Every structure is written in structure tokens, then in C-alpha cells.
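Only one chain is given next, in C-alpha cells, and it is the form predicted on its own.
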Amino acid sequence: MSTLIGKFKTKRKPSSQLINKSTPYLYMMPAMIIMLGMVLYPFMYGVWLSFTNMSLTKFFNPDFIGLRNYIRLFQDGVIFSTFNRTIIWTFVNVFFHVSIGLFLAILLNRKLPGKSILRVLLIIPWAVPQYISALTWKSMFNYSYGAINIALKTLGFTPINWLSDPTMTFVGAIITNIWLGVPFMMMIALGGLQSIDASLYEAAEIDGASNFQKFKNITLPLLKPVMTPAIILGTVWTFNQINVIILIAGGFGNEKTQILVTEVYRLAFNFYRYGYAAAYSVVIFLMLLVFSLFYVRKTGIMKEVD
């Protein structure tokens, strides 16, 4: 009898283990269903759209045209100049976001008079709605009445046609986006700096290390796990930034002020070439995916997390 009870218990054990293992998945299921509906379905729909000729005239009955959109996209010379402009846009913005943000974080991590007020002032660009900041900067770029040209005239320099010259409009958009992005990197870097054990710096001082050696051998390596995800996020956000370009340039009029994402928006909602714009979007997604995988692998951030 005891043998039979023992066998019965042995048979019941796997089912209870199965229930225990499946419980987390049951809790995750509602979130997974929402994610599938809100992320995976639009993504797969966009990929399918890129293989069709959907436009305003073919909106309800698009034809499957295979890779024709992708072939036309790479045969179009505009994409390469737009791609180069996007790389410049992304690199310059992220470089100044990180360098200025890290510099300000190091300053705020020291003993300074009025540090709390200074910290609030530096966070303001992040707290103000993006379109208000962009429109404020646009008024500052005005040729006749803008604060920047008034300052240049006062210093004896020639005023600049910020909003008429496409190249200078693009430079103005970069300046605006740098101003907007610095507080995020500053806060991330400041959080990382405050988590570094002060005894490491004290030990380095006893060994006679200079400030640069402490920054190179202590600060930068210990900030790496914090800053790497922030830089990836910053790169993706900057690459996909659309508001600043549109607001500073005043729309999609000039091709020389466009980056890849604004070009996609222009193709989809100005020219109604939905299939072609979807192919553009898929190419942008693959670029960002390759960059993220390469960067994560090169920096080894996932190994440190494990």
C-alpha cells in the first residue's frame, strides 16, 4: 500500500512542477498579448507593406511587387546623400551630448556653491516640451531679430542666414538638438559617478595618481556599464529625431535639411508612397539593429551584466 502511495506521489510531482514553471508565463501573458498587438503586428505589417506598391491610388488593392521598392531605393542617389547627412547628424549630436553631459556631471559631482540650483537649471531643457524649445531656438535664429545674430553683430561678426541657407538651417537644428539632449546624458553620468566608491579615488591619490589617470583608470571604466546603454539609446533617439528638423526647417521643403526619418515621413505623408516609405523604414531599422548589436558586442556590456 505504501508502495502504491509512493508511486502516486511520484506521478503527481511533475504536474505540480509544470504548474509552478508555467505560472510566470501566465502572469506575463497579458503583457505579451499587448506587446504582440502594439509592436509585433505593426512591425510585420510595415515589412509586408514594403513589398507592395501601396500609394494613394493603390490604397485598398496594393500589388505585391517583391524587392522592387528596395532596388529603386538604392538606385535613387538621394538616399546616399541623406544617409551621409544622417550619420553627421547622429554622430555630432551624440558626441556633444556625451562629452558635455559627462563634463557637467563631473562638475556637479564636486562640492560647488549653489549646486542644487545649478542642477535644476541644467535639467530645464529636458523638462520643457520639445516643440517649445525648438520654436524658441527658431526665433533665436531669425536673421533680423534673433538673439544669436544680435549677439554676433555686437561682437563684430556678420549675421548668418540661419533659416534661409539649408546648410546653416541644418547646423541650427544640430545646435538645438544638442541643447535638448545634454541633460539626459548628464543625469545618467551623474548617477553613475555617485555610485563609484570614493575609497578608490583615495587609494589612487595615495599612489600619486593624477586627475587624468584617475579619470582614465577609475571613472571611465566604472561608468562604462551605465553609459553604454545610454549611448545606444541616445544614438537611436537621435537617428530617429524628426521634430527638431521639421520645426527648425519649417517643414519638408528643402532636401538638404532632411535626414532618413524625415525623408520617410515626407515620402509617406507628402507624396503618399506608402510602400516605398515602408521599404525606407525597414532599411533604417536594419541599420539601427546592426549598430546596436555591433556596439553591444564591441563594448561587452552584456557580459558585464551577466
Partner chain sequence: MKKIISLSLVLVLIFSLTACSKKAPVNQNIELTIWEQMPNDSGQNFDEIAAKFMEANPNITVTRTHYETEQLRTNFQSAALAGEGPDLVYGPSDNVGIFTASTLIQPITNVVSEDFLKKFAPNALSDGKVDGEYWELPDVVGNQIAMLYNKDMIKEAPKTWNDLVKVASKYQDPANGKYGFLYNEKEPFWFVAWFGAYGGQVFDEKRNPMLDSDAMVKALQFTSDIRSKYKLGEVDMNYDMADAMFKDGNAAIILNGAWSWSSYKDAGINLGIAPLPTVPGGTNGMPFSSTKGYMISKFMPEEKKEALNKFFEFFLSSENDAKIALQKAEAPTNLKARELDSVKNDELQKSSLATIDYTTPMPIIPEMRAIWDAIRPELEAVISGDTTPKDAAKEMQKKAIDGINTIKGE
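Positions refer to the first chain, counted from 1. Predicted, not measured: the structure shown is a model, and the values here were computed from it.
Just so it is clear, the following notes concern the form predicted in complex with its partner chain, a form of the same protein that is not shown.
None of the heavy atoms of residue 174 is located within 4.5 Å of its partner chain in the predicted complex. In the predicted complex, no heavy atom of residue 280 sits within 4.5 Å of its partner chain. In the predicted complex, its partner chain lies farther than 4.5 Å from every heavy atom of residue 42. Mapping the unseen interface onto this chain, residue 142 counts among the residues with a heavy atom inside 4.5 Å of its partner chain in the predicted complex. Highlighted residues 59, 250 and 267: every one comes within 4.5 Å of its partner chain in the predicted complex, counting any heavy atom.
This chain is displayed without its partner chain, yet in the predicted complex the stretch 155-163 from 79-87, 119-127, 155-163, 92-100 comes within 4.5 Å of it by heavy atoms. Only one of the listed residues (29, 36, 242, 47) places a non-hydrogen atom within 4.5 angstroms of its partner chain in the predicted complex, and that residue is 29. Applying a 4.5 Å heavy atom cutoff to its partner chain in the predicted complex picks out 72 as the lone residue from 65-79.
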